[in-house]
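Before any questions on how it binds or moves, here is one chain, the form predicted on its own, in structure tokens.
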Amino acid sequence: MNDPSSLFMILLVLIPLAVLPLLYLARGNENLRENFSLFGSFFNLFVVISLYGASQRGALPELNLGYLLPNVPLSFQIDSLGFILLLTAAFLWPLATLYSAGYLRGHHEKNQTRFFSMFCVAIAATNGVAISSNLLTLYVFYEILSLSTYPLVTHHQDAEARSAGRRYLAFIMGGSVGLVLPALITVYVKAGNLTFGSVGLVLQQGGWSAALITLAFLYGFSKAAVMPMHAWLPGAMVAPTPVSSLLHAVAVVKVGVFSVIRSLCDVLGPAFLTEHHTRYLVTTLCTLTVVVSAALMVSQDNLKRCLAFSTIGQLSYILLAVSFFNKTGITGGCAHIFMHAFGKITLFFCAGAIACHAHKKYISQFDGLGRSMPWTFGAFTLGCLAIIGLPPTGGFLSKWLIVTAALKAGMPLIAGFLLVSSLLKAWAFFPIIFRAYFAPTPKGEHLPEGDCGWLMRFPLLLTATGSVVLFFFPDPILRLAEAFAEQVLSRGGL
């Protein structure tokens, strides 16, 4: 019999889904529909914080809903890594909902009810991934997330959006079905179960192809966008900016790196990856992704594509840090999930505000725009600092830990590459800021009067402020990341 307190966990999946019929009933009333979305997001935040408080008083029990396979139940349990993903989605969902209302109204977008509905399903799937206690449960919710975000990517329903949607599904579901599913079956046949933390030693003793199984998880969970499985991400920028913020900060890519971390740390395990030396394979591929994506950023004129290549590199920062398999690296990598989310969603919020209010999406068009939209570009500047990894933002702390972890792992060259990538990001971002504030306005061009509306301005200012707050008060996230690092290294590491 499950502990009654564990039933509270299932609310994390049910709350976003319960909003769906309310959205349908309110489809003719914008204010009511968006209020339902906001109510669901705040209720979800309340449940996450309540569960976090309960976890501080003792481990949360597992919730078992029945068996999918022998020894493989559909089951939920939240550990410290799961809480990092839950808190990321819980804090950003209400802000993204409020911002989406302003953006969709400003652009007079069609199918707004479908947009908010699919957003809710995506959050439910993200929560499901975060609380999964075994690989098959995670895989089920991972696929639900893929299917629910396809209508968001193709929201505009034009030829460009459909093309991007086909590429999105080809990479995302092609990787999960073609690589992860065979790897999952192989692990199950070899170990007899898929529970996180219980199969690594069995695999270590097996002596089968370690490189293939490692690559299958690294590239199969292609939402993590490790090159060359990254091409879907820049193409998905045809979607509305609130979708881009969902893809890059709240749900999709964070679920990608989360799933790879689970596979490396809780399925294969540090002992397996160290024994077979495949952790160096992960380190090398992620380092290449970090450097190449940063170089590609510099050449982009479309702001959203520039941010997309930035995201690709940041995701590999996380996986690279984890691949060191020391406490500093796993702590820094897991903390970066949360730190990066606030910085990146700020940048996408700002990109959408610029597109909606000033009707500009190319960096070369930003001359003088910072003087006309000071709040938006002030937030954009803080977001840039967070992504580059400069104080006073939380991104500085997590990147500092990652570089330190590279040195502790005896890899000074990798640390050098990380610093080079940060310099390339500064090379890409600082000219945008300079152009917006100091470049003269082109002759004959009229800049918009005032900043964007409060529905868009309020969320981007809050997320920018959040990046600064995390610099001064990082302890809750760092404690969660450290607890997960200790849990992983108790099963072997460096």
Partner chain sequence: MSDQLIILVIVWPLLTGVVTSLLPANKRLMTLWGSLNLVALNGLAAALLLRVVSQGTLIYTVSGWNRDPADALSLGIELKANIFCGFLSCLIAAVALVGFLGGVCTWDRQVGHRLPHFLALFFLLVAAFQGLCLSNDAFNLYVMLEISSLATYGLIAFGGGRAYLATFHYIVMGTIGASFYLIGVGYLYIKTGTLNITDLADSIASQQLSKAFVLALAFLVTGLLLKMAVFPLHFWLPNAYTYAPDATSVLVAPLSTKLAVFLMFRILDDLFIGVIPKSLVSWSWAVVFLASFGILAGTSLSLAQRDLKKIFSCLIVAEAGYMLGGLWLSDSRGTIGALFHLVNDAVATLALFLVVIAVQQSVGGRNLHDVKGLFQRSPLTVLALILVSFNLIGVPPSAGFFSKATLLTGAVASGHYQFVVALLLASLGNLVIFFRIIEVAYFNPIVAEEGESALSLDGQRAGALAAAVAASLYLIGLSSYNIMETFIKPVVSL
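Residue numbers count along the first chain shown, from 1. On a predicted model such as this, the values are computed, not experimentally measured, just so you know.
Beyond what is shown, the protein has a form predicted in complex with its partner chain; the following relates to that form.
Judged by heavy atoms within 4.5 Å of its partner chain in the predicted complex, the contact stretch among the candidates 265 to 273, 172 to 180, 383 to 391, 306 to 314 is 172 to 180.
For the three marked residues, L68, Y139 and R162, a heavy atom of each sits within 4.5 Å of its partner chain in the predicted complex. This chain appears without its partner; in the predicted complex, the one residue of F396, Y188, F417, W375 with a heavy atom within 4.5 Å of its partner chain is Y188.
Checking R371, K408, R105, R114 against its partner chain in the predicted complex, a heavy atom within 4.5 Å turns up for just one residue: R114. Contact check for D158: a non-hydrogen atom falls within 4.5 Å of its partner chain in the predicted complex. Proximity of Y150 to its partner chain in the predicted complex falls within the 4.5 Å heavy atom cutoff. Contact annotation: T154 falls within 4.5 Å of its partner chain in the predicted complex, judged by heavy atom distances. Although the partner is absent here, E143 lies within 4.5 Å of its partner chain in the predicted complex, judged by heavy atoms.
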